[in-house]
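Quick setup: one chain, the form predicted on its own, written in structure tokens, and binding and motion questions come after.
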Amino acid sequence: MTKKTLCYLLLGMMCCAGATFAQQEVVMSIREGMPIIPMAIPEFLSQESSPESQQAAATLRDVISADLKYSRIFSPLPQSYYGYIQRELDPDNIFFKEWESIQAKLLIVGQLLKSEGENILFEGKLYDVKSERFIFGKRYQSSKDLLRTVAHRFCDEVMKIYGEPTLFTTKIVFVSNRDGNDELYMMDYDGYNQERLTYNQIQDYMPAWSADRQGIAYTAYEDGKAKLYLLYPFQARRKLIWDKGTSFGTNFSPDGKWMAFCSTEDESNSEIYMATGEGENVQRLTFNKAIDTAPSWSPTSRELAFTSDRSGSPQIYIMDREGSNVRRRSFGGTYHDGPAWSPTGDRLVYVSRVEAVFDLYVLNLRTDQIIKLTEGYARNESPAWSPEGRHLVFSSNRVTGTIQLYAIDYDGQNLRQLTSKGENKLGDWSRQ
């Protein structure tokens, strides 16, 4: 469900009727030139011959290959290419011309140096093939149950070398009813390592990561009220932020100084408020009889995109951080909701309803071009960007009939399902 829909639910109101588009061009897909660097990732070596060590080396290679392919910066070579390499890989004497012959520009050499009991020692090295140059290497000592984390960390280091934001150690927080009640859960960016964060008999909704990835703001239905809390999952503590009216829909500014949220404290309808990153010094930003909801910060932390029905139907608006200079950014149709501002600053993703179908659309703020991101007779809602702006997480009932979380690229490619147990929704992607 979108933030707007949840707002109406909280206020006991009915959503508006079905809608059709008018005077807006919708482009089905878009392709942008991006640097794709061919990369060879041959089988990782293990200094021990046990099946467990061989499997650990294979797992590390598989995760690293999947991560770097997902980046859309690097392109691991197809497995069939490695059949053209005549020599067995020797980490101390690499024949770069052979790797260049199969079009590799980069080479990753991985070795499992030690595997004792529940611990491993892994070393990964990155080379430039054409110049035959060693770029960087790193060793990781960890327990075997953290193999995926080791692989993710190594890939983040590769991203840093090329000036790209880190992605693979980020987390997605979401709501799931898999254990019988709506609780907060957390998982890796690729859907692995799903773990429960809250344990109670009340409903928890609409989680949002703080800028430093240490806190999660969320709404809890407690004592008959929708209260706003800040949970610190790595410190096992939480604190109450706001318990006046119905409060929900928090979004943290990228600089970590502010949070915006919705509340009915002063009005029967939802208005947008702002507080410090710790939830203090609350001040109201919007003042009208309309429903204002779903605030989303710009990358500069100076502006907010939000949804308002002040024009008669839910539309997307932008205002300055102080609540001034309000301007409308969506036109046509009668239902646009849940904007999320991309980390690159040039796009807004939002939900539009056409008749009974909810789909994601991306508005280019520079060109006003609109791209339809999802297709199908389904409810595709609650989008949130990855920290580098190339991927999104969203909820949909497109396949199983139950609401699940999916990831998709900014141009509609590489759709993947992340959850399957129970119903899962309202995902938020942590920053790097």
Partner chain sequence: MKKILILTLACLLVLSFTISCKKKVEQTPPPPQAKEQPKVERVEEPPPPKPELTEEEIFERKTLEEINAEKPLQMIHFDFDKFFIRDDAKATLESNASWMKKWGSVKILIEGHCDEKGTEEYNLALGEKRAKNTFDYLVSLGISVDRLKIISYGKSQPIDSGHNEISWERNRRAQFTILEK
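Numbering follows the first chain given and starts at 1. All values derive from a computational prediction rather than experimental measurement.
There is also a form predicted together with its partner chain; it is not shown, and the following applies to it.
Contact with its partner chain in the predicted bound form holds for all three of 206, 225 and 264, each having a heavy atom within 4.5 Å. Contact with its partner chain, judged by heavy atoms within 4.5 Å in the predicted bound form, is confined among 99-107, 286-294, 121-129, 139-147 to 286-294.
This chain lacks the partner; the member of 341, 248, 168, 174 within 4.5 angstroms of its partner chain in the predicted bound form by a non-hydrogen atom is 248. Among the residues 161, 240, 236, 356, the one placing a heavy atom within 4.5 Å of its partner chain in the predicted bound form is 356.
In the predicted bound form, its partner chain sits within 4.5 Å of a heavy atom of residue 309. Although the partner is absent here, residue 268 lies within 4.5 Å of its partner chain in the predicted bound form, judged by heavy atoms.
At a distance threshold of 4.5 angstroms between non-hydrogen atoms, residue 259 is out of contact with its partner chain in the predicted bound form.
For the chain shown alone, residue 221 is a contact residue for its partner chain in the predicted bound form, at least one non-hydrogen atom being within 4.5 angstroms.
Taking its partner chain as it sits in the predicted bound form, the stretch 310-346 comes within 4.5 angstroms of it through a non-hydrogen atom at 314, 335, 337.
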